[in-house]
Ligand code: GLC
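Presented as structure tokens, the chain that follows is alone, the form predicted alone.
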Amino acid sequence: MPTKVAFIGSESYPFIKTGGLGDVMYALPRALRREGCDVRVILPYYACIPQKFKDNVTWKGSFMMDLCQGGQSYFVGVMETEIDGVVYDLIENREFFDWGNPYTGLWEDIPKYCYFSKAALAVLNYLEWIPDVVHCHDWQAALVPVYLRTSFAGTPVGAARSVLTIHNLRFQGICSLDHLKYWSGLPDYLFDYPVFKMNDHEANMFKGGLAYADRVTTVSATYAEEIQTDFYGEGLNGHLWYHRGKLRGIVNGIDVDIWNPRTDALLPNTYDEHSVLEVKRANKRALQERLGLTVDDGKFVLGLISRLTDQKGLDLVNAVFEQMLDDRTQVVILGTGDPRYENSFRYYEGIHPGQVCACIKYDESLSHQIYAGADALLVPSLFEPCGLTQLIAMRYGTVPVVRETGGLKDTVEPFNEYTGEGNGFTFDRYRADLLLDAVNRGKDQYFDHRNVWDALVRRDMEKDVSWDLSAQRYIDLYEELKELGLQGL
């Protein structure tokens, strides 16, 4: 019998996506399906889902579910559709999902995701589709493992095992104890320090889920170690260290069908590892023309595609921007975020016309063209649980320049100028001078040892950045849970 897995999370491409979680909730189930797993994805039926997807769902029925301390009844509607062999069940409730964007404000989001976590399990019982494993994602689904062992114990879905994946520990679902007690309707004994309690006044949804999940995964092995330390642990390092026996790090992949320079319809010119050197020059010229940069094959084009926040290491970039920008270098920035960074990059564009382009927006087409036209991609993050941009860059033959943290450390091997090994340029400590040194080491190879650089480009394109290896590791984890049984957990 194939392993049955229910993915439970707050977003998934193509229905709704605000970040990397949406990519994972789409690509990993597809990869598991290719490996023979039977997979369903459970999502909220947000009003902001595009109409073209709403037009293709089938009504599966509805029921009432109790929630809150007083046991109030709430409507649960179930819509269903299928994409590439993966079934998607979308939970309808207008009171929770018919207004605003997926994430509106923590006070409003706590009730929304208490409801969603409980309804997701109730839907599995209602559909009589009982998984071997429920795989929950981030704090929005963190109550699922708790409900599984309390409210749903003794029901069919209560026999399932649970995995909770940490995509970014910075976001935890912290609120007042009374707020979570009321909306979750969970018993009082859970609101002590081993489970939800953070301090005399606050509860933490993620903390409770981590305590009750049978296994906890993060999106890279290095991040799994980092979050057990004070600096990266976001206040939960002691809790995670206590539960370290069930903690695993499995690096993300990317969807290599979507991110494929051979078939990418958004590129001026498609290419593969055999044609990359010639075609990338043509894509660079097209990028320069589109963005108003000086059209010159000889320029080193450095790309940065990111949320413009402190987490992404942009204070380091600001500190050495003028030093990076010599007369041989052009810089392209794409993203939105903190006005401080938006304005600083606009300033650099204003004083360096033809050399800097700051695209302060989200533009899917342009992101593809930057990956295909830039020579290197800068990812200098303060912390990075996994990171997808460096994986996409390698897929497109764009050499990553990264800080050695989280998934960046796990996926980018430092280039060794003596052996020629490695697939990118890295720096370890969080210092602007080390960032500048990494960029300059890359430029040295690009300008003075072009044959070495070209070999590095081809090696990056040949690297397996798909979900296949990671999917197999998740399958091994699911099988481990099935074999151990509840008594051995």
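Numbering starts at 1 and runs along the sequence shown. Quantities reported herein were computed from a predicted structural model and do not represent experimental measurements.
Form predicted together with this ligand: not shown, discussed below.
Undergrad: In the model of the complex, which of 387-395, 142-150, 226-234, 194-202 comes within 4.5 Å of this ligand (heavy atoms)?
TA: Contact criterion met by 387-395 only.
Undergrad: Name the single residue among Q288, N168, S344, T222 that comes within 4.5 Å of this ligand in the model of the complex, judging by heavy atoms.
TA: So the residue touching this ligand in the model of the complex, by this definition, is N168.
Undergrad: State the residue from N252, N283, S184, S162 whose non-hydrogen atoms include one within 4.5 Å of this ligand in the model of the complex.
TA: Only one option qualifies, and that one is N252.
Undergrad: Could you tell me if L481 has a non-hydrogen atom within 4.5 Å of this ligand in the model of the complex?
TA: Contact check for L481: no, nothing within 4.5 Å of this ligand in the model of the complex.
Undergrad: With the partner left out here, check for me: in the model of the complex, does some heavy atom of S275 sit within 4.5 Å of this ligand?
TA: No, S275 sits far enough from this ligand in the model of the complex that none of its heavy atoms falls within 4.5 Å.
Undergrad: L477 near this ligand in the model of the complex, any heavy atom under 4.5 Å?
TA: L477 lies outside the contact set for this ligand.
Undergrad: Hey, in the model of the complex, does R328 get a heavy atom within 4.5 angstroms of this ligand?
TA: Residue-level check for R328: no, no contact with this ligand.
Undergrad: For a quick check, can you give me the residues of 289-317 that have a heavy atom within 4.5 Å of this ligand in the model of the complex?
TA: Contacting residues: R307, Q311, K312.
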